[in-house]
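Just one chain follows, in the form predicted alone, and it is written as structure tokens.
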Amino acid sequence: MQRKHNDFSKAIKKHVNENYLKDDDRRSFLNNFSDWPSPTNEKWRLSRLGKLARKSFIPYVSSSKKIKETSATNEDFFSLVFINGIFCKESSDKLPKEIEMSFLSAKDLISNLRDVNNRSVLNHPTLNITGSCFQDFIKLKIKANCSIAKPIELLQTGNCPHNSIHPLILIEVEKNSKIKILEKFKTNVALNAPLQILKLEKNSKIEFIKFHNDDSETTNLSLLISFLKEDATCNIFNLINGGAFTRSETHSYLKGKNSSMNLNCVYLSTDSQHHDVTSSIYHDFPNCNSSQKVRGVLNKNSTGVFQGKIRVEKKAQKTNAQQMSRALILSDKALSNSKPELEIYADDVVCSHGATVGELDEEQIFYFLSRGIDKQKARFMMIEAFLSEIIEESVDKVFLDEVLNETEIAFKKILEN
């Protein structure tokens, strides 16, 4: 592992030296990347990066030629296209005047992370590798007192199997504004390391749907950091069904009274896929709410992980925080690991966590068979019911049909296997 890490460490140092020699802010991120997390690191114990560490790859550098995206964009969205982590203006839609788009620097990234004091975030490989190697740092600012009816679609594409790519985006929703976003990851790369920051001002709201559907050989280490001010609401739903190794990690800081964070996920795993849903929600102010609900379906030799942490500070009275993970195992070789965690310093709170792992109920299957429904159809209907409940309660109606359709395609493929 060490030898290959040294190869990649040399590659990113060379990348920064050749492209950003005088950028000390990038170097500060580079210097924080000491190694891939080891199996003894508690945050990564259930999701080991040994296979990634043994890969040989280098950060992607765009060519001087203009890149064009040939796939059509969706007329129901404002589509923004990113190819190999780089914004493609020629293939993207023009945004309405209520949304400002700009390009930021590594210094801006440091500024926007000044409220983060969590070591697992500051030492995160995605933060430090992408903070040093990104080519485009996009900021989308939704102006105050706006409700954007038409959603934004972020299309993350790419095809460079021997490279790492580093999408970096900041979404800032000013006070009294609302926005809906659908993001799709569909890349064929060695490592996709997306870093996203959400900043929600007073009484703002975001609906954020994310599809993780990378190529079967791709490792995706997604890191999302959100900050919510007073009366802000952030609803995030992840659908994970692609990639060889996908870890969707979220850290959310509730920084104002009556703020709400809802972070739900469905993962669908087969073959030797490893899907990891890791989250930490920090309740720093009173009267805040958070909910984490995860459901997974695993077949063959796949592995699913849920690590959810709720931290409630002493002054965060009247906190309401819930987390629940449920997994269905379809194979004797599939494995589900759940690690819910509560860290509570206030005394007037309602907090709970739980996790279940089980198989499809054979008595229910027998009931379907007795009614003339074959076993495969019965299994399909039971999984559909298991997943549709969380989807319908998590997803805005604008996205509901597409999410249900993507989910159905994924679990049909699992059942066919």
Partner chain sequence: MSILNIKNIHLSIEDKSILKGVSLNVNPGEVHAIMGPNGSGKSTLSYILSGKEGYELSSGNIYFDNKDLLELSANERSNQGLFLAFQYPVELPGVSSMNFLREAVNVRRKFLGKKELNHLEFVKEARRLASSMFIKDEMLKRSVNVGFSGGEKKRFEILQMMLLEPKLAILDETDSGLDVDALKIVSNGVNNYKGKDNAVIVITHYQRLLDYIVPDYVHILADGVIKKSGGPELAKIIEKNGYAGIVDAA
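Residue numbers count along the first chain shown, from 1. All of these numbers come straight from a predicted model, not from anything done at the bench.
The protein also exists as the form predicted together with the partner chain; that form is not presented, and the subsequent description refers to it.
None of 358-366, 344-352, 43-51, 28-36 except one has non-hydrogen atoms within 4.5 angstroms of the partner chain in the predicted bound form; the exception is 358-366. Within 4.5 Å of the partner chain in the predicted bound form, a heavy atom is found for none of 14, 21 and 23. The partner chain is not shown here, but in the predicted bound form it comes within 4.5 Å of a heavy atom of residue 370. In the predicted bound form, the partner chain stays beyond 4.5 Å of every heavy atom belonging to residue 55. Residue contact with the partner chain in the predicted bound form: residue 61 places no heavy atom within 4.5 Å of it.
Looking at 372-387, the residues that come within 4.5 Å of the partner chain in the predicted bound form, counting any heavy atom, are 372, 373, 374, 375, 377, 381, 385.
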